[in-house]
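Next up: just one chain, as structure tokens, the form predicted alone.
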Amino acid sequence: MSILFSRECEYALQAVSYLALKPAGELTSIKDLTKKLRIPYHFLAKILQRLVGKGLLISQKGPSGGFGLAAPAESITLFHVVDAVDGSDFLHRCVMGFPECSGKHPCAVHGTWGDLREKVYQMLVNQNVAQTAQEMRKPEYRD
């Protein structure tokens, strides 16, 4: 599990990146996704339905059904996925967990975390899933 994001969010980023490699309009079954990405079926189903509800994915039931991106991969940023699953609270929370942490009452790493948080945010909003998918080196993304 990453430092910033939940396991659910990590899996969402993986699945959306995988779907970004598919031609527009092509649907991928959850069975294929779970096999390729090695994500538990029921956990992935829950994640994908959340992304459908947030408008990032489309789904179709039936033998030829599956999941696909609801918009061009170039228009979906990593931040869209993170925000849909985990929200954007990490942008406002103290990394040490102090609720009263602020510029007026900073924790020991307040300044450093603020700089890092801004860099993370910029990376998430500036990187789209098309770029992420194209730069992916894991073999399961290249079938």
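Residues carry their position along the shown sequence, with the first being 1. Computed from a prediction, not measured in an experiment: that's the story for all the values here.
Keep in mind the form predicted in complex with the DNA is missing from the figure; the text below concerns it.
Residue K31 is the only one of H110, K31, R93, R117 with a heavy atom lying within 4.5 Å of the DNA in the predicted complex. Remark: S59 counts among the residues lining the DNA in the predicted complex, judged by a heavy atom distance of 4.5 Å or less. Using a 4.5 angstroms limit between non-hydrogen atoms, Q49 touches the DNA in the predicted complex. Although the partner is absent here, H105 is not a contact residue: none of its heavy atoms lies within 4.5 angstroms of the DNA in the predicted complex. In the predicted complex, none of the heavy atoms of F98 sits within 4.5 Å of a heavy atom of the DNA. Contacts with the DNA in the predicted complex, taken as any heavy atom within 4.5 Å, map within 38-57 to P40, Y41, H42, F43, K46, Q49.
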